[in-house]
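First, one chain by itself in structure tokens, the form predicted on its own.
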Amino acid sequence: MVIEEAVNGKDDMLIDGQMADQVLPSGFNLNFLNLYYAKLFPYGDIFKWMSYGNDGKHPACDKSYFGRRELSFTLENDIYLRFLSFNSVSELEKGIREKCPFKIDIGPVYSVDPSKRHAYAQSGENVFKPVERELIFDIDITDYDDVRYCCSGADVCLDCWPLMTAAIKVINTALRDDFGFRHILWVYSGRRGVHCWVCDGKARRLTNEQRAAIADYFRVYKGSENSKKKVSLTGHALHPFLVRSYTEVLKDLFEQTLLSSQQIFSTEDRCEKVLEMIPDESVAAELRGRWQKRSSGSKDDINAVRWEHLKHTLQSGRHKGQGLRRCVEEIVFSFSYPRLDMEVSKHMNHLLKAPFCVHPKTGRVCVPIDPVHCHEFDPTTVPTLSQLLQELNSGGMGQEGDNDWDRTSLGESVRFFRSSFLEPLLKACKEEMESAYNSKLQQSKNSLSW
């Protein structure tokens, strides 16, 4: 294992969510983290995942594959160690336990060992470049601050978390049904968002241009940060992806959850925010006047009542103004459609936090999320570092051969990672490797048969 000296972020790597002004939560400290890395971190599973079958004995295995993967450690006091490389699971475990990183980021697989890139640079040839990287998505709830009223900044609660649930449902369905990807891992960021790793072979080999095209497929927010109208659904007919997202996820989320939980029409300022999205001022004025006359004694939910007023006014056919046809859908999309960090998805060299890290601000583990049952996921009940160590201490010695995490609430997450993601992925990798190897053998035979 080769570990490069610490640097201060002045390189061409991009790190997801660099930490600033660290304040350790109760129950989070280096001693606890050392115990977590010694007893609970699933090194073998992470190694098998990032090896993609190249750690086996098949003649087609690329033994250098894992060693060309770039990892980054963020240590205490924001010390960054970049371009780290490891050649085996034992080296990986030794490196993590020695350095005890507050955060582990995963980068691309390079053409050469990233820790030796300077030696290759001296040759004068540009041989150091990324050759594989999962297609990744980063969704942060702080990007919804203009449409959530329960929290702001890094705070998150069960009233605004459904926005993340909807993002998982919308993006996951499109990746599977529209792009044909099958090996997709969703992970809780540990604090305020979710990460998505698309791990199919064809996804890992995408160029930056192809990644950008996929990211743009999901783009509906066109306005600037200060634009009053950020969504514009133009064209004669909506794209089938947008229709599906609206009818299967977003409409119900907005009407059955967000209207009430976010109190979208409960104040004059909030009403104005919605009315500003209506391109015809006469229509907005009609609704404004109607809402101002509403009887204060009504027992009906003001949010639901005003939303029905708005829908009826815009969809009744009485108004023919430009841009009114899809205004209802545009309002729903503005409040509920996934907000992606596009730059994360477009570039192979962007680093993203590894699953099963512990977030130093919350102490919570970055556990996988089941997209099929993501509506059941509760970020407030995700295991914390101190909780896991308490469980470990109270769980007894266990049976010989047992994994320590089996005696804690982390066990469920590790088992899900294995059964629902890792095992099907490795099976597909083995089949792909065997098929490519046999095809190469056949080509060799054909070339000799002349």
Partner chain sequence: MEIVRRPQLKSTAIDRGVPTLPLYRSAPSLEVRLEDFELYAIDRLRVLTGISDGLSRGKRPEEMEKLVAELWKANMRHPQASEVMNKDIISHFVLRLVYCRTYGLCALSLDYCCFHFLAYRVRILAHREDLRKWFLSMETALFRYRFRLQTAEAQRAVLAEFQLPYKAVTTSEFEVIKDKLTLVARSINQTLPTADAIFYKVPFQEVPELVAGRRVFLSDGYAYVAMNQVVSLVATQFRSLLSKALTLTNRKWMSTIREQEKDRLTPIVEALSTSYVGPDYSVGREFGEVSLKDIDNVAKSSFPLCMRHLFDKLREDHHLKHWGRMQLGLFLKVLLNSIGLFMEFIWNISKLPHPLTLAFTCYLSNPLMQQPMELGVGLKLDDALAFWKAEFSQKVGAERFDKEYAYSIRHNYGKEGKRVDYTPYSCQKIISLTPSVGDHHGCPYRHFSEENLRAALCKMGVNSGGVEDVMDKVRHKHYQLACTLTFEAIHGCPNDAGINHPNQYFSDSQKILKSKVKCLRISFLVTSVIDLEFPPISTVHSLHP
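Here the structure is a predicted model, which is why all the values come from computation and not from measurement. Numbering follows the first chain given and starts at 1.
Form predicted in complex with its partner chain: not shown, discussed below.
For a residue to qualify, one of its non-hydrogen atoms must sit within 4.5 Å of its partner chain in the model of the complex; all three of 202, 217 and 241 qualify.
When its partner chain is considered in the model of the complex, residue 182 lines it closely, a heavy atom lying within 4.5 Å. When its partner chain is considered in the model of the complex, residue 293 lies well away from it, no heavy atom lying within 4.5 Å. Taking non-hydrogen atoms only, residue 213 approaches its partner chain to within 4.5 angstroms in the model of the complex. In the model of the complex, its partner chain lies farther than 4.5 Å from every heavy atom of residue 289. Here the chain stands alone, but in the model of the complex its contact with its partner chain, taken as any heavy atom within 4.5 Å, falls in 242-250 among 82-90, 255-263, 164-172, 242-250. Out of the listed residues 112, 206, 75, 150, 206 is the one that sits within 4.5 Å of its partner chain in the model of the complex by at least one heavy atom. Distance criterion of 4.5 Å from any heavy atom to its partner chain in the model of the complex singles out 234 from the list 234, 282, 316, 380.
Residues from 251-265 do not approach its partner chain in the model of the complex: none has a non-hydrogen atom within 4.5 Å of it.
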